[in-house]
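So this first bit is one chain, no partners, the form predicted on its own, shown in structure tokens.
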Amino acid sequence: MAFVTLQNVTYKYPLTEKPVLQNINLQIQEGEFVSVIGPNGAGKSTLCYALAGFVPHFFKGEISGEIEVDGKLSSKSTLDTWVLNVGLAFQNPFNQISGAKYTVFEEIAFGLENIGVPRDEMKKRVEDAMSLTGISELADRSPYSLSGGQQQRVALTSILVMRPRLLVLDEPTSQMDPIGTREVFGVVRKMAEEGMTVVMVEHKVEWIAEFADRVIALKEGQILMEGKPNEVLTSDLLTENGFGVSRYTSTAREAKKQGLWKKQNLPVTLDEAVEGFKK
């Protein structure tokens, strides 16, 4: 039985005419790392909100179909109970900072305080989570004094410290440099290997190819295609539908037309491109 199941999910925001999600059918296994890609307006963030229970419990609107996580239906749950098992990191970390705490350490501990975790356990969980995401040195800083990339790490850490069964990430590395991006993808990969189920919206296809188990391509609220990263990210269907692809995929595709790319599969990462052109 799948850990996450979406069955015929269609959703329309209040005061709008067109559904932003249309007949979504999806199954995700426990411990799977799934990445969602798509152009602007594809419904990626709304899919995150639906998985996290904000659709329809917070944003309201009209929804049909069923969303099930770990055997529980979103339609029969309340948001305050749903978020105990599903954690969402927003695209803009500023929207996630509570404003109620003076330091990063206190900000990360805020969620644990709200569910009554004992102080000693809380301290250890915060320290462990900060060490995992590489922000221990920021513990005494104000969340508002940080760079965008640092704030994104704090937002991710504040979710990880809650130990959700399902981790939903909406472009968690959009303000990070390549080093920070690799580190975050590595952390998320480790969480998946330890049993946490991950759904990540991202545009950085090279990192997706290296770390994700499966890719879902979303367009106009519908699943265009899904499959293994290298199958989806090198598909002509993506280019034909306006998706961004790796520079290495584009280069190899042109080289193939000129007879300079001999391998059957196109590359997504630099290492794959180097290896392919060597041959």
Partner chain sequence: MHERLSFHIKRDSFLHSLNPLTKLVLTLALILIAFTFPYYWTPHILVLAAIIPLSLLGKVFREFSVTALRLIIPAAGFLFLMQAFFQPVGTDIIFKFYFLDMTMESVLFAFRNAMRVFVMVSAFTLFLVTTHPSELMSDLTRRGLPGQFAYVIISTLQILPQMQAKAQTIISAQRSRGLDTESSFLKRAGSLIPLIGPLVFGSLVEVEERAIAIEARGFTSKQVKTSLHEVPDTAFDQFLRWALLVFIIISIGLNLWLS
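This one's a predicted model, so the numbers in the text were calculated from it and none came from an experiment. Positions refer to the first chain, counted from 1.
The discussion below concerns the form predicted in complex with the partner chain, not included here.
Using a 4.5 Å heavy atom cutoff, none of K263, L270 and F277 lies near the partner chain in the model of the complex. Exactly one listed residue, out of K72, K190, R165, K101, brings a non-hydrogen atom to within 4.5 Å of the partner chain in the model of the complex: K101. Interface residue among D177, D128, D80, E183 relative to the partner chain in the model of the complex, by the heavy atom within 4.5 Å criterion: D80.
In the model of the complex, the partner chain sits within 4.5 Å of a heavy atom of I159. Taking non-hydrogen atoms only, S147 never approaches the partner chain to within 4.5 angstroms in the model of the complex.
Though the partner is left out of this view, E202 does not reach within 4.5 Å of the partner chain in the model of the complex, counting heavy atoms only. Looking at Y49, you'd find a heavy atom of it within 4.5 angstroms of the partner chain in the model of the complex. Here the chain stands alone, but in the model of the complex its contact with the partner chain, taken as any heavy atom within 4.5 Å, falls in 49-57 among 35-43, 239-247, 212-220, 49-57.
Annotation for 74-110: interface residues with the partner chain in the model of the complex are L79, D80, V83, L88, F90, N92, F94, N95, Q96, I97, S98, G99, A100, K101, Y102, F105, E106, E107, I108, A109, F110 [heavy atom within 4.5 Å].
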